[in-house]
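First, one chain by itself: the form predicted alone, in structure tokens.
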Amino acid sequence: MSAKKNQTIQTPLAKAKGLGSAHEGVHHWLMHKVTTLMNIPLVAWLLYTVFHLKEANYTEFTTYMAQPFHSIAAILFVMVTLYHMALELQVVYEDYISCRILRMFKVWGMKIFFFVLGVATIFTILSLGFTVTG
């Protein structure tokens, strides 16, 4: 007769209540919904921009992106989309990686990657706006 691992006296309800002790689940869920809603007008702007500039040359594109509204919209799109992607991937990692140390490294690595990618992309968008002449 073999004893089961991780046997405790706790009821299933007590175990479930203990899982939310960090109080991060609601914040994660709310941020997921907020970023989803924020992406609706941002994706609409992106589609408009792509169709509006489909035959534009480099000068026309940089002039368009140098306008404050379009630069801000592009920066918001990058920030919101990368944050939304990080939230989604974190859920996947937490659900499917059972080793806590590996999961922690994957989540932190993914967050660092998206942060660096976001900074580089925002820098590129800003450099387009500041280098346009004429």
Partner chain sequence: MSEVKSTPERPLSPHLQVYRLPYNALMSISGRGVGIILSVVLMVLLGGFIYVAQNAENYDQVMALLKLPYVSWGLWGLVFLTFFYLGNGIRHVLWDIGIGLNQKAGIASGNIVLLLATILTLVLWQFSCGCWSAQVRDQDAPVQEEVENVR
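These numbers come from a predicted model, not from an experiment. Positions refer to the first chain, counted from 1.
Form predicted in complex with the partner chain: not shown, discussed below.
- For His27, no non-hydrogen atom is located within 4.5 Å of the partner chain in the predicted bound form, even though that partner is not displayed.
- Contact between Phe113 and the partner chain in the predicted bound form is found at the 4.5 Å heavy atom cutoff.
- Proximity of Trp108 to the partner chain in the predicted bound form: non-hydrogen atoms within 4.5 Å are absent; the residue sits far from the partner.
- Contact annotation for Leu82: at least one heavy atom lies within 4.5 Å of the partner chain in the predicted bound form.
- Contact with the partner chain in the predicted bound form, defined as a heavy atom within 4.5 Å, holds for exactly one of Leu102, Met31, Leu76, Leu53, namely Leu53.
- Along 79-98, a non-hydrogen atom within 4.5 Å of the partner chain in the predicted bound form is carried by Thr81, Leu82, His84, Met85, Glu88, Leu89, Val91, Val92, Asp95, Tyr96, Ser98, in order along the sequence.
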